[in-house]
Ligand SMILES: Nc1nc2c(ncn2[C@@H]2O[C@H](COP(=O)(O)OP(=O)(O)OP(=O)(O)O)[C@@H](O)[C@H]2O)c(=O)[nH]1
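Starting off, we have a lone chain in the form predicted alone, written out as structure tokens.
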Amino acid sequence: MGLGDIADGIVRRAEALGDGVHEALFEPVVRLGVTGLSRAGKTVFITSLVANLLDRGRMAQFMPQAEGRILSAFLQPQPDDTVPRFDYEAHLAAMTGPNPRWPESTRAVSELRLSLRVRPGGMLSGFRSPRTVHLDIVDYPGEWLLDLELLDRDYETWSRETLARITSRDVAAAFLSAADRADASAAFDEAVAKDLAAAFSLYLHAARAAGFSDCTPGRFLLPGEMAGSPALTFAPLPKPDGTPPRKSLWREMERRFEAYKARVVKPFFRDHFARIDRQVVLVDVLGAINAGPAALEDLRRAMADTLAAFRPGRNAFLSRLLLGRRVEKILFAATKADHLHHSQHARLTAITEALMREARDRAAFAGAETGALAIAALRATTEESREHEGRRLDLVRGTLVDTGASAAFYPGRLPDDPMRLIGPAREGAERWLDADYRVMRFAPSGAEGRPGEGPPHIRLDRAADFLIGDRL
């Protein structure tokens, strides 16, 4: 390396340091984490949020916009060159193009920077110049967040808890049979390990498809470049009697479990999670209700576990990593509110609040302000009412994904008291006794808006105001 290269490197580092100081003092950055479990709608949420912040005609309840303080909004290159950019343009084209479709779901961490030029508010606003606030949106799979719980467990504990939890699930039968046949005390055999890991991975995919939420380790579902690596080639096993010998199947599974925590889980929290200021957790509550009591109870437990990430005091690694930094606000957003008539939205919000009470209590313990909303980041339906057997039914109409046909649909009526759902779920009921809840898969409507309007939504403006309104 020549002197010119060294000098150029020094200049670039100085420029980067100067940019960081400038942002910290004059152009504040808000890092918004967006997560949720599979099919909760993270990609749609981010795409519609950005589109509606760029064209704010539908953001009446976003107070900085309602007060006329946002002068402009524009996308900028993200500051982290090592993280993939969230493909906003492609996702928006998929949702709003001539043949609208839902975009591909989140498979890895990605980021996007949206900058807003804002006029200050308050009594002294006339004496201050407009400023730029950068919103860095970090998209990451909720399954990875659930992996935090693994940091508090050793392989024996994790295996025991996992096997006990999935014993009653039909989708786990094939894996449980393979785990029972395996001799954990026998000498390690790579072929056996691969077969067990493959069977466990198949179970996790089946469990997710069946509506279960506790599908960890998350990288088994989204392996990316790590597919086939030893750190993703393990599975829970019943512990053999006595002390498992060295170089046994049990010992190697134990070593790989610890490698997964060290090489996968900890770097994710160090490089991404520890830098988040605000967080939205998207939850497909309607999908869990549709799947039945077991799925709803599993969702409640999974979200309580998820929020352990916002209470770092219980985990020595996170306590050292965060050094007192805390997420300031967390929003639990029940998605797909457009699958219900607006008369039921308050009930969906109430169910979400009750379902997340344990998770919210954990977050409140860590000092974070929490909120719950029923939203639809992209509205795919319209509403209508019909007379049926002497009573009036409130319906939603949309285009079905599977057939392309337009259909009016009555999903069932949510109860006034959330405990009518949560109670049976916690007691282990196999099905809902007094109601039948159904969720249809609607395609994006492709409705065209007027100039200056983003895609149609339900309460996305209120969600944005809760998450970032006070920082603008």
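Quantities reported herein were computed from a predicted structural model and do not represent experimental measurements. Note that residue numbering begins at 1 and tracks the sequence as displayed.
Separately, the form predicted in complex with the named molecule exists; it is not shown, and the next lines address it.
Clashes are found between the named molecule, overlaid from its position in the predicted bound form, and the backbone or C-beta atoms here, as 3 or more atoms lie within 2.4 Å; the site counts as blocked. When contacts are judged by a 4.5 Å heavy atom cut-off, D298 does not count as touching the named molecule in the predicted bound form.
Although the partner is absent here, Q65 is not a contact residue: none of its heavy atoms lies within 4.5 angstroms of the named molecule in the predicted bound form. Contact check for R107: a heavy atom falls within 4.5 Å of the named molecule in the predicted bound form. Contact between R39 and the named molecule in the predicted bound form is found at the 4.5 Å heavy atom cutoff. Interface residue among A380, I289, V138, L348, judged by heavy atoms within 4.5 Å of the named molecule in the predicted bound form: A380. Think of it this way: in the predicted bound form, the named molecule has a heavy atom of just one of G371, G211, P103, G398 within 4.5 Å, and the residue is P103. Contact with the named molecule in the predicted bound form, judged as any non-hydrogen atom within 4.5 angstroms, is confined among 349-357, 269-277, 386-394, 336-344 to 336-344.
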